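Quick heads-up: the structure tokens below are two forms of one chain, split into structure 1 and structure 2.
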Structure 1
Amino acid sequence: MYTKDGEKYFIVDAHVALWDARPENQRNIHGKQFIDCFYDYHRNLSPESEVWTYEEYLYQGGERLMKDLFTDGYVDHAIFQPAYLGEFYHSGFGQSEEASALAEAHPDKLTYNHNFDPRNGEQGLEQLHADAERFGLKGVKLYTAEWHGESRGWKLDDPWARRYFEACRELGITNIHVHKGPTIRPLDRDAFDVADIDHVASDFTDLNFIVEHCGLPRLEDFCWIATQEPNVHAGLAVAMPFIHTRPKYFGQILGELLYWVGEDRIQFSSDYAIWTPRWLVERFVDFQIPDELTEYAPVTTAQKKKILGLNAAKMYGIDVPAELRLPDADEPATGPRGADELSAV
């Protein structure tokens, strides 16, 4: 819970990880390249006071995570979104055993989402059933640029992926978090293409598709899809820290999302441990769209409350004190939110 100027904010950090990128867990050079890339994100976009050493960055462990999120970070509930990356790390990048044990020990504070890879075929489907039962899954994190033998990616509308979504439906795994990375086959298409989200969101209307990084670097394509599919949501992972280095740019991203996607379908996340939630929450509560961006309306306190926690809490059935709840905005299910006078195109 974060309180500022008499306003109380219920915080859900919708995308966190407990990773192990230490050299002994790196399978090859790509394991090092991957964490180095994350560390550059961290160094490039964090305030100087929040920058960790490289050693700290390689692995945090459960105790540190609990402190960074809940003791220091104002977070009421956090959701693990583990990336497997088995081709880069011996025991994977996201530490399933440790994270799920932590979630089991703190069910009020942590939700564990797992992952699947449709290229594992029938065997993977069986595994998904077993994982759903073991972890009590409500959601999964999918990384479509995961390497897998010769393959360097898959698409959400691949026939096998559809079978996995059908299984999700049966198993009550309703929240599909999607992250697009830069390598996927065939390489000659846009590696960040989000069109496959459109296809599965239309076919699986009872599943929520939360697009992490709000589709960045293809914000415009994401917004266009999300405005037409009421079950597509924006995750703010990676977009959040722009609030520090590029507040005006952050204002434009937020302005676009509020316009195209609407205030009820945007979720805050720190992307821990890429960044820590404390400074992001503080700055977001203080944030306002810069005056010169007059094409966007100011962000309201209610919108901030929804984004910081109420939206994800609703999706995950996390209990929010009654006095902190807010009703949904009176917005159309599809079409731009900020432009109801415009006819649909």
Structure 2
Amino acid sequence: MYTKDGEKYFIVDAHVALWDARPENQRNIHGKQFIDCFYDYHRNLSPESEVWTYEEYLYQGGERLMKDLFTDGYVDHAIFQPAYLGEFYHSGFGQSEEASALAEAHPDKLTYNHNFDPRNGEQGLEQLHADAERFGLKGVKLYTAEWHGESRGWKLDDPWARRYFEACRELGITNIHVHKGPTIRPLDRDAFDVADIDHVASDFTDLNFIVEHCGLPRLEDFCWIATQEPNVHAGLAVAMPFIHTRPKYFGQILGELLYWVGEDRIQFSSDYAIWTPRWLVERFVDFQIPDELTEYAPVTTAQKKKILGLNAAKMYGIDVPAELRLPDADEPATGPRGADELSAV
């Protein structure tokens, strides 16, 4: 929990990872390219005081993760969103065994989501059933630009992907997190395009589609889809650190999301270990839309509380102390919202 000026904020970090990118786990040059790209994001968008050494960055381990999130980072609950990347790393990039064991040991603090790849066909479907039973899955993280043999990506509306979503329905896996937005070397930009969210969100209205990185740099595409699909949500991973390097740009991102998507469908994420949550939480609570961005309404304390934790807590059924809860906004399910607030400024 974070407290500032008498206000208390329940913090859910909705997108964290425990990865191993050390040289001994790199299968080929692409494993090094991938973690080097992550490190460039980390080094260039973090305050100088928050920059890790490259060696620290390759593997953080469970003990450090617990300290960075819960001892130092104000986080009340965090959700693992592991990327597999088996073509680049011997045991995968996100460490499923270590992360799931950590979540099992700290169920009050951690939720473990897993992943699937529809290109694995029937065998993958069987594995999804086994994983759902083993981990008690409520969500998955999908990486549509992941390489798989000769394939360099897949789409959410592919026939096999639809079979996996039907299985998610049966298994109670209702939260589908999808990396849509920033490309990462050597993955292909177009395989992260946000357009295929529209099709599956319309067909699977009983599943939540959380678009991680809110489609950046295709924010406009994302907003025009999300405003018409009440089951599409915005994840702020990667968007958050711009609060430091480019606050006006961050203000534009947040202003657009609040206008098109609304305060009840935006989730805070540090994207740990690309960044750590402490400074992001502090900066976000202090943040306000820059005066020159007159087309956006000011961000309220209630909106910040929802974004920092209450929205994700509601989606995952995480217990929140009664005194910290807030009612949903009285907003339309579809279409732009926020015009009334702006006219009142």
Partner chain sequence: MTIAPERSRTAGREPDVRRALDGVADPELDEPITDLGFVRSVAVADDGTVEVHLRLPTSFCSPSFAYLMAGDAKDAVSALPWVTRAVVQLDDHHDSELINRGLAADAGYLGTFGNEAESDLDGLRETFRRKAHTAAMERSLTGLLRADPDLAETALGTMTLADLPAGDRFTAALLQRRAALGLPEDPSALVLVDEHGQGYPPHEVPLRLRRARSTRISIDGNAHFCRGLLRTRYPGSESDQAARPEGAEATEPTFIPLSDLQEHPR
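Counting starts at 1 and follows the sequence of structure 1. Heads up, when I say rigid core I mean the largest set of C-alphas that superpose within 1.5 Å between the two forms. Since we're looking at a predicted model, the values are computed, not measured.
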message = Deciding between structure 1 and structure 2, tell me which is the form predicted together with the partner chain.
response = 1
query = Comparing between structure 1 and structure 2 on the rigid core, is the C-alpha shift at Gly86 2 Å or larger?
reply = no
task = Please check if Pro230 moves between structure 1 and structure 2, taking a CA shift of 2 Å or more relative to the superposed core as movement.
result = no
key: Gly121: Cα shift of 2 Å or greater between structure 1 and structure 2 (core-aligned)   = no
query = Lys180: how big is its Cα shift between structure 1 and structure 2, in Å, with the core superposed?
reply = 2.9
